[in-house]
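Okay, here we've got a single chain as structure tokens, the form predicted alone, with questions on binding and movement later.
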Amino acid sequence: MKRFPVILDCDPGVDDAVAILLAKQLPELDVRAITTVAGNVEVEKTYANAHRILHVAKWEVPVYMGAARPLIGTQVTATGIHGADGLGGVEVPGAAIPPVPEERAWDVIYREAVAAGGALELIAVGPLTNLAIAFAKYRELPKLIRRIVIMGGAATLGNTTPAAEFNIYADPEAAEMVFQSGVPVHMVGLDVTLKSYLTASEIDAIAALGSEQAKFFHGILQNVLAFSTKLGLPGVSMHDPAAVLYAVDASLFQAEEAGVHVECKGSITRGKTVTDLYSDAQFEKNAYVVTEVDRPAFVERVKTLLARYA
């Protein structure tokens, strides 16, 4: 099995936490660093939460702080779903939060890209501000990144607004810079993540594994489960875990090559990922849009990976 170097850029966040728990158990991933960005909660909290999750996972990975606000416009958060702390109010006793390193997320991305000699992949499951700053600061960086897998956007719907998914809406200008960077972008958006869900009984079955990590997983999902139930959804959408699993096993999914741009000026469409997937008019192809998932296989893979903690 060939491992590949990765930076996980995230905004923990409940589903980010699950994604990190899964990433630790994926031997394909050589995770060089975790970089955090403001998104679900403020950047100081996403940095601290990354350390708390790594403590639960019993995993040592360097964590670096990134952008505290979007490139342009007002910061938005998702505390109504993830809780004011970002982890649904679940405490992590014993987790140490070290001082913030001087080196910032965008500099780490460039450093690791150079060190990997063009093999580095980015899995970005929060707003794309850190990546945009890295591309703006280091103009040669796109040639050093093999692929970017994002959780964000959609071809057909939105959640934060009728047009826009949260991670893209939180910083549309950054997202457009990433899509137009020249690096292939694989968009694991709402089209597929809403189909990549776990039911309440499936969540309970994982909790029954009995490990510290399984119990943490169960605890942080309870508020999101209640929110999802009120919306009439069949379970909790595993948005960020879907992106991580796609990065290592695309056979679980279906994806279509497409051209993607991000609407940055529309009064009611700001943050929309505009694709040519279902259009006669075509853009230059710059991305792959993931549209389908084998949900039974996806659920089984999540269970199997979390069972490795037991």
Ligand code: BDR
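All of these numbers come straight from a predicted model, not from anything done at the bench. In this text, residue numbers run from 1 along the sequence as written.
What comes next is about the form predicted together with the ligand, which is not displayed.
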Name the residue from Ser181, Asn159, Gln213, Ser228 that puts a heavy atom within 4.5 Å of the ligand in the predicted bound form. Asn159
Could you check which residue among Val125, Val192, Ala113, Leu198 gets a heavy atom within 4.5 Å of the ligand in the predicted bound form? Val125
If contact means a heavy atom within 4.5 Å, which one of 199-207, 134-142, 104-112, 232-240 is the stretch that engages the ligand in the predicted bound form? 232-240
Residue-level contact is defined here as any heavy atom of the residue lying within 4.5 Å of the ligand in the predicted bound form; does Phe166 satisfy this criterion? yes
Although the partner isn't part of this model, could you tell me whether Met151 comes within 4.5 Å of the ligand in the predicted bound form, counting any heavy atom of the residue? yes
Would you please decide whether Ala78 lies within 4.5 angstroms of the ligand in the predicted bound form, comparing each non-hydrogen atom pair? yes
Give a yes/no on whether Asn40 approaches the ligand to within 4.5 Å in the predicted bound form, heavy atoms considered. yes
Check for me: heavy atom within 4.5 Å of the ligand in the predicted bound form, for each of Asp11, Asp15 and His82, yes or no. yes
